[in-house]
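Next up: just one chain, as structure tokens, the form predicted on its own.
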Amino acid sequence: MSNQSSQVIIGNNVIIGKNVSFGNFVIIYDHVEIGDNCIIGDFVIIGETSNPQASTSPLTKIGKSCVIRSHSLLYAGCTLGDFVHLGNRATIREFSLVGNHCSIGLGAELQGNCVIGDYSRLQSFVSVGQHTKIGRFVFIYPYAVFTNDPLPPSTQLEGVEIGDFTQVSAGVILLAGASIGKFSLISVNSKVGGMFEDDSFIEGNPGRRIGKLSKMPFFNKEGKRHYPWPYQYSTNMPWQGLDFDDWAIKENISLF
């Protein structure tokens, strides 16, 4: 552990890896593990409990080389993989699982019992309801909202499921129980419920499938079809500098 400020409070049964840097006014509650080479910003709280009466807290685990920016809040029982970046004031509630190489932006929140796959990106002010499952390589743009209560208020919550490589545009509202296939795109400000197959372009309120995303007339400046997007975009993706098809075969990933 390094760069520990005098304003850092560390609880019991805490394991801190090598070369971990802390900002000012950080609180680490009991039963937390932090991997090597992490950066913990000012006013971060890790291992917060929602049940002060509990005698013990579930393990809160942060992988190696993570960046937790100022004022972020991680509740007890959540797990972050390696190389995860949290923006300022991000909130991760209990028992959420965030995969490797993910980023969760400014003011975004996971409301608990969520699963986020590797390399997925949630941008600023995304709100993700409990029991949501988001696949790998999914991009979710600002102010998207994932709901989970079909008959509010109730306790019969139904999470949203998003398939691998799908893009959820800014301002989208996903209704409780919605299921979106892989390699799909939801257009800006759409309100979407129900089930949609792979390779869908979804648009409107209520959202409907316009057709196969791979056949839509979305072209980049070079005149190439943009979707499936991994052929056109690889920044900080594991196929960067590689042929996507070669990488997909090696990883046993099929497009559709």
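As the structure is a prediction and not an experimental result, all values here were calculated from the model. Quick note: we count residues from 1 along the sequence shown, nothing fancier.
A second form of this protein, the form predicted in complex with another copy of the chain, is not displayed here; the remarks below concern that form.
Just one listed stretch, out of 148-156, 112-120, 95-103, 76-84, contacts another copy of the chain in the predicted complex at the 4.5 Å heavy atom level, and that stretch is 148-156. For the options K61, R69, K64, R209, the residue carrying a heavy atom within 4.5 angstroms of another copy of the chain in the predicted complex is R69. Residue contact check for A90: one or more of its heavy atoms lie within 4.5 Å of another copy of the chain in the predicted complex. In the predicted complex, D198 stays away from another copy of the chain, with no heavy atom inside 4.5 Å. Interface residue remark: D36 is not counted as part of the site for another copy of the chain in the predicted complex, having no heavy atom within 4.5 Å. When contacts are judged by a 4.5 Å heavy atom cut-off, I45 counts as touching another copy of the chain in the predicted complex. Residues of 170-197 placing a heavy atom within 4.5 Å of another copy of the chain in the predicted complex, in sequence order: A170, G171, I173, L175, L185, S187, V188, N189, K191.
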